[in-house]
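Next comes just one chain, in structure tokens: the form predicted alone.
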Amino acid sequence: MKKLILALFVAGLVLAAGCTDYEPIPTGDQEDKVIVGFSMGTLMEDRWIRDRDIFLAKAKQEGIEVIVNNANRDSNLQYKQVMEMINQGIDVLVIAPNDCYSEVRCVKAAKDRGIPVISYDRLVMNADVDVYISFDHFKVGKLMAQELIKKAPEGGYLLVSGPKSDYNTELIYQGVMSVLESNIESGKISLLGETWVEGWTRETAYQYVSDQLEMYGEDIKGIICGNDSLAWGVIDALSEAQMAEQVVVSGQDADLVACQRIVTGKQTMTTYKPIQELVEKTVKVCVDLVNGKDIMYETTIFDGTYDVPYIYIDVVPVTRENIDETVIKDGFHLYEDVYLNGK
């Protein structure tokens, strides 16, 4: 009797389940699961941690397994990690190179094994990757210069760019100069100095600007920085010289601390790059590559040897005037976190 009752109870559960819209997701064999190797050159900046976390969450949502490695700004380590991922049987390699030139060997190793490669945010040069997915870095530089000139249309400027081993810095520089050149030629702006900071190290940016302040002092009216970490070092130097709110300073990535500096007036602007969209496009392309689908792209970019398919994402300038309507409205940062130190 008990067995009969139990059988009826189980049958009732099955029938009840059959009346719902729920359909179990077929798991399939483990061998059928897409495995993506995500090789990251660094996790030093906040934005890269955000990239990793969003990528893992999105991939899990799509049923994709991800192997993540952080090379900690070491190209030899990145190559070793990529070889390990290849041997683990990845289906796609997504690489944010530490060095845009050295990591060509990572791409070659993957393609020699028939594994497609996505260059993520940073382009690997001379490598003929399957697709480059990134932001419009030329526009990043253009926006930086435009926003600073609004606040400081005349005077001396410094350029504190990222390392030349990251091709994005060249694109940003081109964007900056597309705006500054006419102002320099007219005599409104004078370029007092420029530097390329290896490793994006905040301390190097701090020391460079400290030295320039001793030479030029209050002649410095604007400083264009390659990212928000460099801007942090620059603003520390300006603060020591009691000039933090007298000099306009740009950055990019919309790091939380940068947004906090913007609302208190120490940093003039940053550039918001919607990482969620970057990740979503990348994950979709991973699946398309595995399934042999054609990749839809807007244009190509020359990597020094090849014209590479280029999927680019638009960027947005963030200032004190529009911060609520950009990074906060988009959920990139919380209002209470941005305004932690007041307005």
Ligand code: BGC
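Numbers follow the displayed sequence, beginning with 1. Since the model is a prediction, treat every value here as computed from it, not as a measurement.
As for the form predicted together with the ligand, it is not shown, yet the points below apply to it.
Colleague: Considering non-hydrogen atoms and a 4.5 Å limit, does the ligand approach D121 in the predicted bound form?
Modeller: Yes - in the predicted bound form, heavy atoms of D121 and the ligand come within 4.5 Å of each other.
Colleague: Is E103 close enough to touch the ligand in the predicted bound form, meaning at least one heavy atom pair within 4.5 Å?
Modeller: Taking the distances in the predicted bound form, the answer for E103 is no, it never comes within 4.5 Å of the ligand.
Colleague: With a cut-off of 4.5 Å between heavy atoms, is D130 one of the residues that contacts the ligand in the predicted bound form?
Modeller: No, D130 stays farther than 4.5 Å from the ligand in the predicted bound form.
Colleague: Heavy atoms within 4.5 Å of the ligand in the predicted bound form: does D253 have any?
Modeller: Answer yes; at least one heavy atom of D253 falls within 4.5 Å of the ligand in the predicted bound form.
Colleague: Out of N69, T300, T42, Q276, which one falls within 4.5 Å of the ligand in the predicted bound form, going by heavy atoms?
Modeller: Looking at N69, T300, T42, Q276 one by one, just T42 meets the 4.5 Å heavy-atom criterion.
Colleague: Just to confirm the contact call: exactly one of 283-291, 311-319, 45-53, 59-67 touches the ligand in the predicted bound form at a 4.5 Å heavy atom cutoff, so which is it?
Modeller: Among the listed stretches, the partner-contacting one is 45-53.
Colleague: Taking the ligand in the predicted bound form, which residues along 186-222 bring a heavy atom to within 4.5 Å of it?
Modeller: Residue within 4.5 Å: W200, and no other.
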